[in-house]
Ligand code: ADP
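As structure tokens, one chain now follows by itself in the form predicted on its own.
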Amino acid sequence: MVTLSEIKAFSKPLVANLSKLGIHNIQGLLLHLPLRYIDETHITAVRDLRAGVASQLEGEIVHAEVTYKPRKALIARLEDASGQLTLRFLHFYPSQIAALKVGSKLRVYGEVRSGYFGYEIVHPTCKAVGEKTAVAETLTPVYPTVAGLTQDSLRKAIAMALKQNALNETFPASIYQAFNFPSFADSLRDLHNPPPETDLHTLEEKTTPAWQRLAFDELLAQQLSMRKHYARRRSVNAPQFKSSKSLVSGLLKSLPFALTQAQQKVAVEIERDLMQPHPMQRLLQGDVGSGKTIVACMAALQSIESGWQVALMAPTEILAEQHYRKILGWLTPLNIQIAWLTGSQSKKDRTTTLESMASGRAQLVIGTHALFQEAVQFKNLGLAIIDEQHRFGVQQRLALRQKGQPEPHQLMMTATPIPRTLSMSYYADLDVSVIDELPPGRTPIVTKLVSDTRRDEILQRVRESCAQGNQAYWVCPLIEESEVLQLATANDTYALMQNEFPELNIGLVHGRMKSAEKQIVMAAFSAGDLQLLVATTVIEVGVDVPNASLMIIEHAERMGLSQLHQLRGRVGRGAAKSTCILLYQNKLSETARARLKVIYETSDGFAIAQADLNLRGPGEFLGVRQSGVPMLKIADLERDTLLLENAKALADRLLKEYPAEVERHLDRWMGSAGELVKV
């Protein structure tokens, strides 16, 4: 593809500035679409102005002065045949004073508002006009830009790009005609130079046929790229496991509970994947407490019975150790050798673990990021299980997979349910299993929203709960005092709680403590030796203490929906009635109010995840931005669900029937990103 620097009409400074916007070729320039539009296609008389409406006027400056009270400002009066309008500049340059001298004829544009002397426009755009200055024939686009690159320069550059031979279709026109979409060329022309009769609202809401066509193209490129990646993975060799004959049945017989129907269903899906000669890439999602770990354990036993090793990686030592203790209890009776590997181990223990992994004696290794370090070697890694997969970047997940030859199967787990539209788009290259029912006996959690002004009542609630033999969490968002965010801190809260409850044994756990210290505190809380645990959000995932029935979350308005839902899931894991109290500061923002309303009204993880996606957008929801898939720039998953479904349905057919055209489409929309490195 020709770069902009190879085109004579583009100067070096212009090319450099466009490069700052990530624009390097004609296609990039054509797809640099407007943020909004202004209507400069007609002149409005002063007498026809309306407050709150952006308008274009033309007239003569009849008065101009710099005033100093109540603050410095440049004030001018523009007059046409029907009346006068005030122009007000709070920040201005000498050149603007000169341009607004009495007698100057100007065309101005801006939003009209009511001022002290009638209608006024603050900081209008101004242009000198002559007798033959024409009005615009189309709506004027306003583009994202950088310092040094004016809107006029961008508009001229895009106008040149529109004259290049780069508006051809990537697929046969019949593909788009089936959806009644306009052509690619017409869509770009309509968006860069919309006709004056185009409705501004639908333009800016991106619901015109032109916007919808380009949103569809972008979603189609994403789907094609993901499906290519999916197909490529199925051409790679992987260990082919047999169905487990004894270990899985032995595990299930020893459990004091029966699997739910949802657990049985996903266990069968995973078992079938592991019997294939290509690597499994399956995402196992289930709400907090739905029983993902036992399903992962069944997959591990299938691998072990087939003679292969398994690695289970968790993002924190607290979660990794909890997996270790729970799985040790399940698998030791089956004579499975389990090893433990973390960064905080002593050199002696680490050496012993590494030797058992390299020799193959360790059949299952549980640990943290230490599992994919360079010194770590497996004899024959067949399955990698990654818990809370969104906490790991692409390269980290890839590094663990590269520990096995041939490529091991990979099972990723998440307790943050993924909304359907996100699953269809950003996770389209994965097979997804969902555990959509909770085990019987889980008690519903009562959620309460309480103002921080009622703190004394909450302290009394903690005292009463602990006196009845239950345990409680008190969650704080920061470890140390911050001058920017004056939030309750774990250290200060711990000291206050010790003073408030001298009769209770109180623990403190946060992310900056040494691993051994955290483990001692968590073990004491799990054993019931501590009645109250003051903690940061380090306990967000995996902590399982059935006797803990009360949680207080400080500054809940500062936390995301998924995080609040995860934290709330730490209680309600036993038979006792459980309560989660969300303490909030008054003067809530609209977003914070919306978040708290959602978490208060529902405990459905999928409904919460969808609301979180709507509030934060996919970039924030995905967490680690190394997802390997570029963020969508035009399409919106909430608005364009139907377009996404159509793109998904069409992708496989296009890959079969139009392979060359697929490559052109990916090159247009993703460039080199068309080759994803998503794992």
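Quick note: we count residues from 1 along the sequence shown, nothing fancier. Quick caveat: nothing in here was measured; it's all calculated off a predicted structure.
Keep in mind that the form predicted together with ligand ADP is not shown, yet the notes after this line are about it.
At a distance threshold of 4.5 angstroms between non-hydrogen atoms, V288 is in contact with ligand ADP in the model of the complex. With a 4.5 Å cutoff on heavy atoms, W330 counts as touching ligand ADP in the model of the complex. In the model of the complex, E355 stays away from ligand ADP, with no heavy atom inside 4.5 Å. Mapping the unseen interface onto this chain, L364 falls outside it, with no heavy atom inside 4.5 Å of ligand ADP in the model of the complex. In terms of contact with ligand ADP in the model of the complex, the residue from T368, Q345, T293, S433 that brings a heavy atom within 4.5 Å is T293. Between ligand ADP and the residues K326, K379, R155, R455, the one pair within 4.5 Å by heavy atoms in the model of the complex involves K326. Shown alone, this chain has one stretch from 102 to 110, 577 to 585, 280 to 288, 143 to 151 that lies within 4.5 Å of ligand ADP in the model of the complex by heavy atoms: 280 to 288. Residues F257, A258, L259, T260, Q263, D287, V288, G289 are the members of 253 to 289 with a non-hydrogen atom no more than 4.5 angstroms from ligand ADP in the model of the complex.
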